[in-house]
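Form predicted on its own, single chain, as structure tokens, below.
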């Protein structure tokens, strides 16, 4: 077996252990949240109806038996049907992956478009008065919660100016506010990382060599310092991408964005176990995939890491 093949097998093993840990923890935590049979029957249900629902969905069986049955079904990607509408839970979740990935990609692009040039500008001459003021503004912006920025944007652009819609995801106009909301939360941190890396890079020997060779300030920054500064920011971008997949719940709810986060919130309020389990499973796979791709990209752009496997 080649070295690369061993690395792939190792990654698959890590994924299997990771998913087993996630689904096991989730299964037992959901048992503490309440009885979904009571939600399905409602306040007007009789004890006989409650017992019938529990028997229908297997809630009357021993917990260990329910867990084993859950794992067997999960191995076949069978999460059961939604308690709310009797549709396959996995299909419901997969229908929401597209909108979440769309919002994730748009937010990352907007974050990079803001953070990279701003961070490079701040880091090139960190002692300049205007850049000190800019750094303070970025630091303050980092402390503003994303949902606060989202509500302010809705008030300004949707309610007051009426330039943009505030709900839905049909059409480019509906993408702008949720994208900017997430970018406003992510960009300040990435800006500070890029600025710090650029400042450090500008002190390196290769910059002095390039300056001695006649490179101007613009060339030193954009052709020499920034590419090396972005190397250290790659891991943060990957972490932000994974966060958006798993943690953009509030933004999706605020803008009625029909993604995984919104679906997970609705399923949680109704104790829809199959949908919750399917959503968390898909999110875990996506986050693991993003982290793996980030690691591969990091090793690709940094030759020193290529000998360490995937």
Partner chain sequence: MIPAFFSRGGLFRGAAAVFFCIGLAGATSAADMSQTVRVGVNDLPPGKGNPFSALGSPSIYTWSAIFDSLTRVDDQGIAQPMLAVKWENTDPKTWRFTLRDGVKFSNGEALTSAAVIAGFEYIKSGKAGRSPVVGEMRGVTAAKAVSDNVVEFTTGRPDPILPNRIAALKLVAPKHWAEKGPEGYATEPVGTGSYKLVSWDANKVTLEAFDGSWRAPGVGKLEIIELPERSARVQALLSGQVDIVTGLSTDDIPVIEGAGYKVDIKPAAQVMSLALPLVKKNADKKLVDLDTPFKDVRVRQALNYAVDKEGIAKGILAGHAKAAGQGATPAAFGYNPDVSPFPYDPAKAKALLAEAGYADGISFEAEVVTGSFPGDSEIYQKMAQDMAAAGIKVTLRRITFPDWLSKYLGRKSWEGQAFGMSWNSAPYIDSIRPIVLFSCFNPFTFTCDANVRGMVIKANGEFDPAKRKAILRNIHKANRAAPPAVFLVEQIDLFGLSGKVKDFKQTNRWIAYHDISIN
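As the structure is a computational prediction, the values presented were derived from the model and not from experiment. Residue numbers count along the first chain shown, from 1.
As for the form predicted in complex with the partner chain, it is not shown, yet the points below apply to it.
- Within this chain, residue 154 lines the site of the partner chain in the predicted complex, having a heavy atom no more than 4.5 Å away.
- The partner chain is not shown here, and in the predicted complex it never comes within 4.5 Å of any heavy atom of residue 71.
- None of the heavy atoms of residue 109 is located within 4.5 Å of the partner chain in the predicted complex.
- In the predicted complex, the partner chain lies farther than 4.5 Å from every heavy atom of residue 114.
- Using a 4.5 Å heavy atom cutoff, 40, 56 and 162 all lie near the partner chain in the predicted complex.
- Interface residues of 33-50, taken as those with a heavy atom within 4.5 Å of the partner chain in the predicted complex (partner not displayed): 34, 35, 38, 39, 40, 41, 42, 43, 44, 45, 46, 47, 49, 50, in sequence order.
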